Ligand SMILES: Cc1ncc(COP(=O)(O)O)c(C=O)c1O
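As structure tokens, one chain now follows by itself in the form predicted on its own.
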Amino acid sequence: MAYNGFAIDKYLNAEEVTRQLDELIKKPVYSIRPDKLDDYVENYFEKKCAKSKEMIEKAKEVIPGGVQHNLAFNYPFPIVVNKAEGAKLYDIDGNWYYDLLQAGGPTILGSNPPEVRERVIDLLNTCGPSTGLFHEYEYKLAKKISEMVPSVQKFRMLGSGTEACMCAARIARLKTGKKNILKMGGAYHGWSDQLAYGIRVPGTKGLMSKGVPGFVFRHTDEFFPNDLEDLERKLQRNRLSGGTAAVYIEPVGPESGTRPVSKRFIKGAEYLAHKYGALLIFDEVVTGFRIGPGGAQSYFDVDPDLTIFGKIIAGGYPGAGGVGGHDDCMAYLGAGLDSSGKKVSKAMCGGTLAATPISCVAGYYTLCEIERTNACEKAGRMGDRLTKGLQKLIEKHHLPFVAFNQGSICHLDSVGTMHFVVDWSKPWTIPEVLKQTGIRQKEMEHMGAAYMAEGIVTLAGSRLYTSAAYTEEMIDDVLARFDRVFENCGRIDV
């Protein structure tokens, strides 16, 4: 498939990328050399980011860890940003950076696009951000989403992707009359108790879910990514304990494709979910309106029962979440009646600041601009250029790193932190896996610091989102900066 409005020209070979990642975690760790890291800390962060450091120190007095958002935890200290425009971010010390974080993915148009901002300002001058009552843009946004995403006949706005994932579980249990939830190992479906299971590293079960009692996961299980046999085994087993209400999937693989899955797997998962009477739930918090105007489901030609939206649904503005799907599923969020007038149970779902006028206006005009400007394809072309350039640099510097992408979702894996697997049939190996992931996570942070000192903001030093605001010249400048970092990488004794 050529681009044809999608972000992806040719879909990657998931098995080949997995093989490369398998090899990566067998090799010694390569990262930014300690002497160069010290140089970056001393000559960039300490000298050129002094105001950021001072503000974070003050923030620690009243904010746990000094920041409110997990994406802001960066080594050696968080950078304080006070301006975002197009493909660039600016900090309070006057430094600027190429934005490959994209607020975690949603700003496909680029940061703070004026076409959306002006509409929001108009709203603030009239209605204000929130009233608690219905606003016409609630309808306009829902209508726009239903027009763009074929599986979405109805849409319900919520406050976040986490809330949407929680809501979808309640719909699925009411619709199917079954109890259990299956989710892809390593995938992130928000931080609610029941879905904070098997996150980051497949097989971890509840190991990464501190503060959540084990009994909460009684009806939650994970299946291995890209493994249809494992998915079917779990579906069969659940028949003995209340059946499976839903199968949750990140359509390009867990953690936005960090461990990519094949087209065959996605189509097979759709078939198996329905074979066993479960709803297929596509978590398109990142892929929705980024892979294409109709989401990843349009690219894969899949018809999920429910779709999770977040982030981009409000164009980067607050109130960024929602769930959409087939009429017969969404009826459980209505007035207790389905499309035929039959009474159904109503799922408990709310949110004081869900579907505010400001979020709906911003979301509606963002989606209009994505369509008008062909933003998904533009961002995807930039993602391809970035990834091909990174692959050449990796070869040039003889590094074991792996670079791959699914359109504008790009991955630069230097240490394979999330490619490890916890095998409960060999419990004696678990401490070593957790040790290795901890070591490698630290080196990811060091690489992220090096990138930032060279003027590149990434997600955890390993994920890079391109937007339609990028030009070829910008991408080439980004690659020159990566080149300087790679030149100073070497084997690390761990």
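All residue numbers are counted from 1 along the displayed sequence. On a predicted model such as this, the values are computed, not experimentally measured, just so you know.
One more form of this protein, predicted in complex with this ligand, exists but is not displayed; see below.
Colleague: Looking at 277 to 285, 147 to 155, 418 to 426, 364 to 372, which lies within 4.5 angstroms of this ligand in the model of the complex, counting heavy atoms?
Modeller: Selected stretch: 277 to 285.
Colleague: Please check if Phe223 has a heavy atom lying within 4.5 Å of any heavy atom of this ligand in the model of the complex.
Modeller: No, no contact at 4.5 Å.
Colleague: Going by a heavy atom distance of 4.5 Å, is Gly161 a contact of this ligand in the model of the complex?
Modeller: Output for Gly161 is yes: heavy atoms within 4.5 Å of this ligand.
Colleague: Does this ligand get within 4.5 angstroms of any non-hydrogen atom of Glu250 in the model of the complex?
Modeller: Glu250: contacts this ligand in the model of the complex.
Colleague: I'd like to know if Tyr197 sits close to this ligand in the model of the complex, meaning any non-hydrogen atom pair within 4.5 angstroms.
Modeller: Contact with this ligand, no.
Colleague: Using heavy atoms and a 4.5 Å cut-off, decide whether Cys165, Tyr188 and Ala320 all contact this ligand in the model of the complex.
Modeller: Contact check passed for all of Cys165, Tyr188 and Ala320.
Colleague: Among His411, Lys311, Lys175, Lys183, which has at least one heavy atom within 4.5 Å of this ligand in the model of the complex?
Modeller: Here the answer is residue option Lys311.
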